[in-house]
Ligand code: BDR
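Shown below, as C-alpha cells, is a lone chain in the form predicted on its own; questions about how it binds or moves come after it.
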C-alpha cells in the first residue's frame, strides 16, 4: 500500500505519524497544512518527527498557510505553542523541500503507477488545492481517509468539528470532487480515549520516541483534565489506522454536505444516511475497534 499523509501536527497527528512510520506501507510523502498550528510550525514538526523515527528519506512538504476563504486564528490551548505539548525533538538534518505541497502531491499522484491511499488528519485545504489544480487526479486516489466532521455534535462549536470549521469551503470542494472519502468523525474518534492503563503502558517506553510520546500524552492528559474533556482522544490515530487497516472501522454510505453560509452552524457536516445509493458521496465511520487501535499505536511506539 502506498500512502500520502497530510496533517497539522498537533499531538494526535504526531502519534499518528509515529504509528504510520512503523506500519508495513510505503509512505510516498508527508505534507503540512494550517490547522492545529501555523503551517510553518507543522512543517517543522513533520520534519522533526520523521527524523525522530529515522525516516528522513521521506519527503516533507509545506502546504497552505491559510484556509481557502476565511482567516486563520491560532489557539495554542490543545496542543501547546509548539504543537507537541513541549516535547523537545532534535531538528531534522534532511534537505528542506521548497516545492509547495499542492504541487508536489499533484506531481506524485500523476506519476503513481497504482492508485494511492491518501490520509488527511487536518483541514482539507491542501487536498482541495491539489484537486482544483488537476481534477483528473481524483482518479489516482484509491481511498481518501479524512479525520473530521461528526454525525452528532461538534467540538469547536456545538455544530462543527475543528478540522471542518477551519476550512469548511475546502471540505465542500473535496466532497464535490469525485473522490468518495471515508469520513472518520468525532462520533467514532470519541470512542477511542486514553485511559490510565494506556498512559502507563506508553510511559514505560524508555526510548527517544517513547519519551517524546510520553511528554505529548502527559500534556494532552493535563489539558483534557483542566477543560473537563474526559479521556484524551486519539482522533488522528483512528483515521490513520482506519486507512491502513480498513477492517478496524465500520462505515456506512451517506450523502454528506458542509454548511458554509450560516454563522451559527458554519462547518457542520450534514449527514444523510437515508440517501439513495446513487446520491451517496461519502463512507461515514460509525464504529471502531477502540482497543485494537490503542494496542497498535502503543505497539508501534514500543517498536522503535
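Positions refer to the first chain, counted from 1. As the structure is a prediction and not an experimental result, all values here were calculated from the model.
What follows is about the form predicted together with ligand BDR, which we do not show.
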{"query": "Which of 289 to 297, 5 to 13, 276 to 284, 19 to 27 lines the interface with ligand BDR in the model of the complex (heavy atom within 4.5 Å)", "finding": "5 to 13"}
{"query": "Distance check, residue 186 to ligand BDR in the model of the complex, heavy atom within 4.5 Å", "finding": "yes"}
{"query": "In the model of the complex, residue 147 touching ligand BDR (heavy atom, 4.5 Å)", "finding": "yes"}
{"query": "Heavy atom of residue 36 within 4.5 Å of ligand BDR in the model of the complex", "finding": "yes"}
{"query": "Contact flag, residue 215 vs ligand BDR in the model of the complex, heavy atom cut 4.5 Å", "finding": "no"}
{"query": "Among the candidates 224, 155, 177, 97, the residue which, in the model of the complex, approaches ligand BDR to within 4.5 Å (heavy atoms)", "finding": "155"}
{"query": "Partner contacts in the model of the complex for 108 to 142 (non-hydrogen atom within 4.5 angstroms of ligand BDR)", "finding": "121"}
